[in-house]
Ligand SMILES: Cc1cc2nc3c(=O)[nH]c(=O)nc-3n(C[C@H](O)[C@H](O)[C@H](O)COP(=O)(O)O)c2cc1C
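Heads up, the chain below is alone and in the form predicted on its own; it's given as structure tokens.
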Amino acid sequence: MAVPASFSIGPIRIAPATVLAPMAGVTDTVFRRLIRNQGGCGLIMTEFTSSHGVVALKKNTRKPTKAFRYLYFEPEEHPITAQLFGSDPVVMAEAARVCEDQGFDAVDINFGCPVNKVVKCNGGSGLLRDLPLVERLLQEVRAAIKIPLTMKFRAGWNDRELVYLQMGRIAEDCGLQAIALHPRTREQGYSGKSDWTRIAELKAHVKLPVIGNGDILTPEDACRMVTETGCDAVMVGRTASANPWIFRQISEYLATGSYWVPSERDRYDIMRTYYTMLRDKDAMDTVGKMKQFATYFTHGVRNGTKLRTAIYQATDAASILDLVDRFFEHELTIAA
């Protein structure tokens, strides 16, 4: 069984059936457009955004906030989903209305984030211990918007408190259009292995489209997840940070049985493209983003440690671009 050519979230057809996972500090508008431009990604999602922050943004549009940056997107990013987190049903519903008014194609509620500061506020995976509140949240948001509503969640708080089947049933009863499961527990964080059998159980338990997420490192993994679970689409997260071509590779693998592998030159091109997009966008903390993505983009690059170290020590965008140019000019000359 191969990754499906498409799937639907309500009236929205997503083709191909691949999704860029929402990742805090990663999936801003610049990175999302970088992924979109490589081809092969059916749906992209924003960083998860505080519902309280979105409501505050509506009340004070003159002062830029984190929520404003997180929810900014360009027309080329469609179809795009806004992901929200929070624990107040009324606030969440109002935030969802703001997202609908801004032109998002769908809204997604985060019940998966394992980070302590989010969980302590009863957000993210913290809500997996309060299913009645999950139901009230979903009911309020579903009644507040006309665009599709989805949710992403983990399997449970720990292996003794698994709730993914109950979450799937609640989503179905509340009229959601799709659900995404990351089958690790909150206790696992990002350690250990994703138990894909939980995705298969969920798929057998509900009629909603189920998006599988977790440990897709290669195109082969994407196909294997669909084969083993029967999921309707695959969601790729951390792998896309270091390999922005993963969605293109999945499409090529489905079409031909093989896929293109980036060369050193391709890695140089993607790094410079992303850094130039950051600079031209005048993104918040451009230099910080460049340093962050140096870790991702030099993965697998010969002598990449040297480039990372130099970038970490730089203080402005122009210097970092110059470092990248000079490093790859030297490395590509040696390789030739």
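Nothing here was measured: the structure is a model prediction, and the numbers come from that model. The first residue of the shown sequence is 1; numbering continues from there.
Form predicted together with this ligand: not shown, discussed below.
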Proximity to this ligand in the model of the complex, single hit among L323, I12, A317, M23 (heavy atom within 4.5 Å): M23
Interface residue in the model of the complex among T81, N110, T150, T185, criterion: non-hydrogen atom within 4.5 angstroms of this ligand: N110
Interface segment, criterion being heavy atoms within 4.5 Å of this ligand in the model of the complex, picked from 165-173, 132-140, 245-253, 209-217: 209-217
Heavy atom of W260 within 4.5 Å of this ligand in the model of the complex: no
is_contact(Y190, this ligand) in the model of the complex, heavy atom dist at most 4.5 Å: yes
F297 within 4.5 Å of this ligand in the model of the complex, heavy atoms: no
In the model of the complex, R265 touching this ligand (heavy atom, 4.5 Å): no
Heavy atom within 4.5 Å of this ligand in the model of the complex - qualifying residues of 219-252: M235, V236, G237, R238
